[in-house]
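Read the single chain below, which is given as structure tokens and is the form predicted on its own.
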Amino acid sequence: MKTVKRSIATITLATIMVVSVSCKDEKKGAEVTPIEKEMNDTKATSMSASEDVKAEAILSDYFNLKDALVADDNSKAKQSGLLLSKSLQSLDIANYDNKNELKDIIEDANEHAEHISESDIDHQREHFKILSKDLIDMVAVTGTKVTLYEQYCPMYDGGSAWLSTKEEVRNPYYGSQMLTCGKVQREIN
């Protein structure tokens, strides 16, 4: 009895597979149905969502670097600079508008992240100033899913900006020397 049931199940499964394959052949060259179009749109959205994740990873690494500078931690800033450099290199700019502009921004930001990974803390802060400008420009192209705050210190090198996830000012340019020097310049959504 078990053998008969297995045979029937096997024949049924084989029949379903043959019908499925033959139905696929009939669809070749046919117009795309609304459901298929929606599935293709979902794939495209998934790809851009993947790039959003990579852009958010860049921001996450940037914030870790900022926090290391706030804490006056040269060693952690070096590690964070290296991680940020790797994140910047992994961003695929093909899915964004303004590809040439974004390419220039990423290349410049990567150069500064690399310098940070090899420098003393004063030199790291010099590169962080330009890196911050690059990341602010990157966010203008890629957008962000979280609220960011562009903060500004009027005293460091004629005035310097940086990004933060918190409204509370924690100055990466002076660290513990002048921890709260600065103000929120604007909110980025």
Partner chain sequence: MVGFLGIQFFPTTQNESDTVPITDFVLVNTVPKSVKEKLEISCYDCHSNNTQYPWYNKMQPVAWFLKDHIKKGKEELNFNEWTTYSNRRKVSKLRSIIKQIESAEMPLYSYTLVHREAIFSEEDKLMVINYMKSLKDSIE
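Predicted model, so just to flag it, every value in this text is computed and none were measured. Positions refer to the first chain, counted from 1.
Here the subject shifts to the form predicted in complex with the partner chain, a form of this protein not shown in this document.
Asker: Within 4.5 Å, heavy atoms only: does Ala140 come near the partner chain in the predicted bound form?
Answerer: Ala140 lies outside the contact set for the partner chain.
Asker: Taking 4.5 angstroms as the cut-off for heavy atoms, does Glu111 touch the partner chain in the predicted bound form?
Answerer: Taking the distances in the predicted bound form, the answer for Glu111 is yes, it comes within 4.5 Å of the partner chain.
Asker: Contact with the partner chain in the predicted bound form for Met155, defined as at least one heavy atom pair within 4.5 Å: yes or no?
Answerer: Because no heavy atom of Met155 falls inside 4.5 Å of the partner chain in the predicted bound form, the answer is no.
Asker: Should Lys78 be counted as a contact of the partner chain in the predicted bound form, where contact means heavy atoms within 4.5 Å?
Answerer: No, Lys78 is distant from the partner.
Asker: Candidate spot Asp104, Glu126 and Lys133, all three in 4.5 Å heavy atom range of the partner chain in the predicted bound form?
Answerer: All three within 4.5 Å in the predicted bound form.
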